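Here you get one chain, nothing else, as structure tokens; it is the form predicted on its own.
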């Protein structure tokens, strides 16, 4: 295939990035990053991962009318780890992803609970982003990067996740699984395999925000982790799943669409990382909220038709 090597900017960074840092917080913290995102009425809600100065993470809500500026941050942590009632949260809660369950009028939050046995997938639900009902662990260690689809398929919920084997030579693929009740999960299968060799997404991939429904399929934004002599680089690629059967992969980008370039993305607690856990589609515009270098929150925007068009021309 002949490539056009002209610069293609599909996602455009907000000129005043970062949009939220710990300097904006009403209480002391080390960093803020990897926020889930959704719309509630006229407000955009960010459920942010906040790391305290012990190294443990919790969640705090920020609200904005335009989804860009004037963020109103809760005066104290919105959802703290609760190891007394939920021992799987012993070492913190991380990387929330929000899905509005259309049939139940609930927002489901899938997140990583850092247990003594390793990181696992937990689930909580909320109606107001002030109170959360924990449903507990749904997938055992080691598993991360999980998000639900907003609808059922043939009477079952579907969830994307990323298990990791303890075997050092096993690749980390993106999987899909199904459940009748959001508690018991089965029919696991690989959905997007990590490539091998010199690819940007070789060896380890994971879901970024939850699946986004479009006219052409479920749009997937995923991260690939490239290991280099100077450390790892987290970049983002695109994929498309069938609307009626999310097990069917329609397209997958062979190039990354977004990667760390700006100073706030290149240097931080973990260098060279762009890591989104949430996006919001308003009309034709995608607002992508991402953690930059595990230190702050940033925003990029894109037109949905441009994203789908880019994927068509960059699909392997």
Ligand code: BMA
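Numbering follows the first chain given and starts at 1. All values reported here derive from a predicted model rather than from experimental measurement.
We do not show the form predicted in complex with the named molecule, though everything after this point is about it.
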Contact stretch among 248-256, 26-34, 66-74, 282-290 - heavy atom within 4.5 Å of the named molecule in the predicted bound form: 26-34
Residue contact check: residue 95 to the named molecule in the predicted bound form, 4.5 Å heavy atom: yes
Proximity of residue 46 to the named molecule in the predicted bound form, heavy atoms at 4.5 Å: no
Non-hydrogen atom contact residue 40 with the named molecule in the predicted bound form at 4.5 angstroms: no
Distance check, residue 270 to the named molecule in the predicted bound form, heavy atom within 4.5 Å: yes
Sole residue of 235, 144, 173, 134 within 4.5 Å of the named molecule in the predicted bound form, by heavy atom: 144
